[in-house]
Structure formats: C-alpha cells, structure tokens
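Let's start with one chain on its own, the form predicted on its own, as structure tokens.
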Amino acid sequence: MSNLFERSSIKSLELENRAIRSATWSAVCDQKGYVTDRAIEFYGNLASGGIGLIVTGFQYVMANSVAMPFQMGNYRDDMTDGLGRFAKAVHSKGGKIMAQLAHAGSRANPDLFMEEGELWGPSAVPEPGTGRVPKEMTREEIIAAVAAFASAASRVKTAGFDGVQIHGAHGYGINQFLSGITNRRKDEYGGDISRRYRFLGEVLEAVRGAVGKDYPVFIKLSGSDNYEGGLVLEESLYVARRLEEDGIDCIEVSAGSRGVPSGLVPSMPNILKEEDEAYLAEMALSFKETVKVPIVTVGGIRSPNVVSRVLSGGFADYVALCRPLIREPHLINRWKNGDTEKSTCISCNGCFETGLSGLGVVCKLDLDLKEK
C-alpha cells in the first residue's frame, strides 16, 4: 500500500498521499448556504484524518441553483469571509481543501430558493429525477451562469482554498448540457457532442481567467450517464480531450445520476466484497489511455488491497473516497498507522437520510448505536 502514501503535486497543489475525499453534500451550512461553525468543525475533523485532499460538497454559484437543504453556497461576495474561515480551519489541521462549484440546472429545488428565481436547464425537458420542466436558458442566462462560475472561483481563491473543481457529473447543470437526453438545443450549444461541450468550455475558460494559469482547476466528469439517450463513454472521452486542450489540470471520473431508470447511481449500495469495489476503475482506465492529465477514480473503494491494485495497475493516479470517510473521518491515518482492515462503511446510504433530517451527513449506523 506504499503507493497510496506517495507524495505528488499538481501545479501548486502538493499532496501528502494519493487519497482524495470526493465531494459530497454535507448539510452543514445554514439555509442560505453560509458557512457555519458546524461546517468548520465537520471539515476540520476530516482534515485531521490524513486525507491528501478534501473536495467540498458542491457549492452553488447562483441563488437559483441550490439543490439540497443546508448546501454550501458561493453566490454572493459576502460569503467570502465564511469561506475564508473554513479554508483556514482546514489548513490549521494540516489539510488541503478544494471547492467544488456547481449550477444544478433543472436539478435545483425551487422549494429551497431564498430569492425569487426560475428553474433553468439547457432545454425544456423534464428532469429525469424529479419530472420538473425547466425553462430553456437564453443566451443571456448562459452568459450569466458562466460569469457566476468565474465569480465563485475568484471568491474561492481569495478565501485561500487550494483549488477548484468544476462539477460536470451526476445530472447537474454542466452534465445536462453535455447529455443528449437533456440538451435538445438547436443553437450553438446543442447538437453533437462538440457543440454540447461549448457551455463547459466557456465555464472552464471563465474560471481559468478568474484564477490564473497556475491555480489548480479540476473537474468531476461523468464517464457515462448510465441511461438510454444520455452521455456515453465515447462522448465523454471526447470531452476529456477537449478539456485537456483547454487547460484542465485533473479529471475525476464518475458516472450515473440519482433518479434515473437504470438505477446505476454514483453511490452504489452494498459494497461488501473486494470484487464489488472500485466499480468505475475500468472506466477511469479509458481516460488514462486517452489523456495525459492525472485521473482520479471513485466508486465503492473500501480496502487497502483494492487501492494498491488500482494505483499500481495504472487504472488511475488517485483514488477518491466518500462514504467511508463519513463513518471514519480518520480512515487514512488508521491505514497509515498499520491497521489495514477495510473501511467499516457498509454502503447503506443511510448517511444521506441523516442529512435530509437536518442532522448533517453522518453515519446512520453510528447514530442508531448511540440511541440504543
């Protein structure tokens, strides 16, 4: 497992190991998306656990793009102070922190809008998960969304974060533009994948312009939507090549979306055996063979043996974990200190239930044990 604890760097980002905390909604901010003391405590505890890089839960870049309750916001300049305290707290625990930026598009939840706003999407197509029909974004609204990503990235850099990750996966706004099932536009933003890439290309260009050429800019990208008519691997590999040409620094490869008919979601349940783990590693390898930028694989990684096989086998340059770190925030330190038993996470997804209940995204099994 020594390859897990190799030091590496991506531009200005120096990492102590090859483990990344993959972004997930944590439900620890206030109702308007401002950083709270609970958020600082939650991420500070995670930072002290030895993970090489933490990627925050998705920060919504416009008021009409909030998707989940108590989600972290990044849509007003007066949020910068809280974000700065947040980054400082992570750094004080020895951690590195990257902000994931997102516009939820038609997956936003109007019931959570704190300001009057419309539900946007690339096309007026019912969102597969909720059935809501968004307004097709005008050219002016597309320009506004692109500018919002740039402004959010600028706030992130000012706040002292170590980089940004653009959210281009899981059926949210950018993924909706990339996917043929949600993008039915007849203008320059719709059509074949080269035209559907345009929105993402403009977002990357704007973000890069806001943070400069030396600041790390990553993306989380769906290799496949896992449902008929959606983004497929061949299209996603084309997107990866374009991203590399346009200056992306690292690609985290995910897949799927909640609420789709196939049931192939990003957080697959019941990952109980080693052979069930790293279920997106083969897909990540396709990206490794296509582009030269570092590749991150995510998806059911629980065991040190699996981590070693992924890294030594060249499937990816980094491994990303999410649910195991919800149950065991100090998992990486446990492994480093010689206890190499697999994660105690059983992939029940009960942690998301706790988030919806207002308790924050924490392990439901541990809560149940405390209540007994």
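Everything numeric in this text was worked out from a predicted model, so none of it was measured. One rule holds for the numbers: they count along the sequence shown, beginning at 1.
The following text describes the form predicted in complex with a small molecule, which does not appear among the structures shown.
- Think of it this way: in the predicted bound form, the small molecule has a heavy atom of just one of H170, R196, K96, R155 within 4.5 Å, and the residue is H170.
- For the residues A316, I326, I332, M62, the 4.5 Å heavy atom test against the small molecule in the predicted bound form is passed only by I326.
- Not displayed here, the small molecule is approached by C322 to within 4.5 Å at the level of heavy atoms in the predicted bound form.
- V298 belongs to the set of residues with a heavy atom inside 4.5 Å of the small molecule in the predicted bound form.
- The small molecule is not shown here, but in the predicted bound form it comes within 4.5 Å of a heavy atom of V361.
- When contacts are judged by a 4.5 Å heavy atom cut-off, G50 does not count as touching the small molecule in the predicted bound form.
- Listed stretches are 114 to 122, 231 to 239, 298 to 306, 137 to 145; the contact stretch with the small molecule in the predicted bound form is 298 to 306, by a heavy atom cutoff of 4.5 Å.
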